[in-house]
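Only one chain is shown below, in structure tokens, and it's the form predicted on its own.
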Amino acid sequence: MLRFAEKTVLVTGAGRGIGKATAARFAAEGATVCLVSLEEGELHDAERELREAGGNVRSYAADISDPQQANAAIDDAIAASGRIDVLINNAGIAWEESFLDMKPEHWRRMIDVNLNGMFYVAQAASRQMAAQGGGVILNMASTNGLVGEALYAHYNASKGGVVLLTKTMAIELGVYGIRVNAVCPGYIQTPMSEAIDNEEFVQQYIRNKIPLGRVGKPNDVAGVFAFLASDDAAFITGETIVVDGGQLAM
């Protein structure tokens, strides 16, 4: 079902993990997909794989924490496609660090990428959407933006900011026909999570915290993004959609 034929979808953090899976999902459903990532090697690999699978894709290397680079990536995508119908504002970073030992530069880097970068990209994309008569913005938040977790003060704060940024954007941008929602994944197995957690930790986490008995996969989140971007979600805005296998129900 080509729900996004003749639509242009821009995905940040598209080189791997959830971003790459989401880009593949939209490409498979007919969208022209613009991939944005800081890691040029991963970005080019993802572009090649999606092209080989029949996708219509373009790629743009950018550090979204730099407002000039973020705006340039959006401008280049608009110049090539003429519009942006859907923004998947996905790029983010995470690592463990105790609150008492947290370095100021580490705090700043987390906020710069996960919150400031999301603002820069969303603002540039929403200006284009307002001019063209509407669009959809989906921000990557996290269950860590809804409840706390030790060793992630900087990450938790950044994702909590994303949740309220999303609600405020939805209030202000609705008049332009722009819907804005946030997706809050729980434990999703990605290259980023695999770099932090060993297998013993993962199995214990599943046993103690996830009623569905498994960790999430990138495609679990990609499917939610596709739904929220579709006309089936035409009256949904300002929401935070949790994708966690039941973890926050406990």
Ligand SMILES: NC(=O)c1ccc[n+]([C@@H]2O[C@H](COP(=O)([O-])OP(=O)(O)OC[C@H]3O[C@@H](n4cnc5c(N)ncnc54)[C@H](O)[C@@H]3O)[C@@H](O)[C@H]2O)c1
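Predicted model only: the values in this text are computed from it and were never measured. Numbering starts at 1 and follows the sequence shown.
Keep in mind the form predicted together with the ligand is missing from the figure; the text below concerns it.
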Original post:
Is there any non-hydrogen atom of I206 lying within 4.5 Å of the ligand in the model of the complex?
Top reply: no
**OP:** Indicate whether the ligand has at least one heavy atom within 4.5 Å of a heavy atom of S37 in the model of the complex.
**Re:** yes
Subject >> Any non-hydrogen atom of R25 within 4.5 angstroms of the ligand in the model of the complex >> reply: no
Original post:
Are any of the heavy atoms in I188 no more than 4.5 Å from a heavy atom of the ligand in the model of the complex?
Top reply: yes
Subject >> Contact check for K103, H154 and G161 against the ligand in the model of the complex, heavy atom at 4.5 Å >> reply: no
Subject >> Which of 163 to 171, 88 to 96, 75 to 83, 126 to 134 sits within 4.5 Å of the ligand in the model of the complex, heavy atom basis >> reply: 88 to 96
Original post:
Tell me, which of A182, I64, V57, A222 has a heavy atom within 4.5 angstroms of the ligand in the model of the complex?
Top reply: I64
**OP:** Could you list the residues in 13 to 47 that come within 4.5 Å of the ligand in the model of the complex, counting only heavy atoms and keeping sequence order?
**Re:** G13, A14, G15, R16, G17, I18, G19, S37, L38, E39, E42
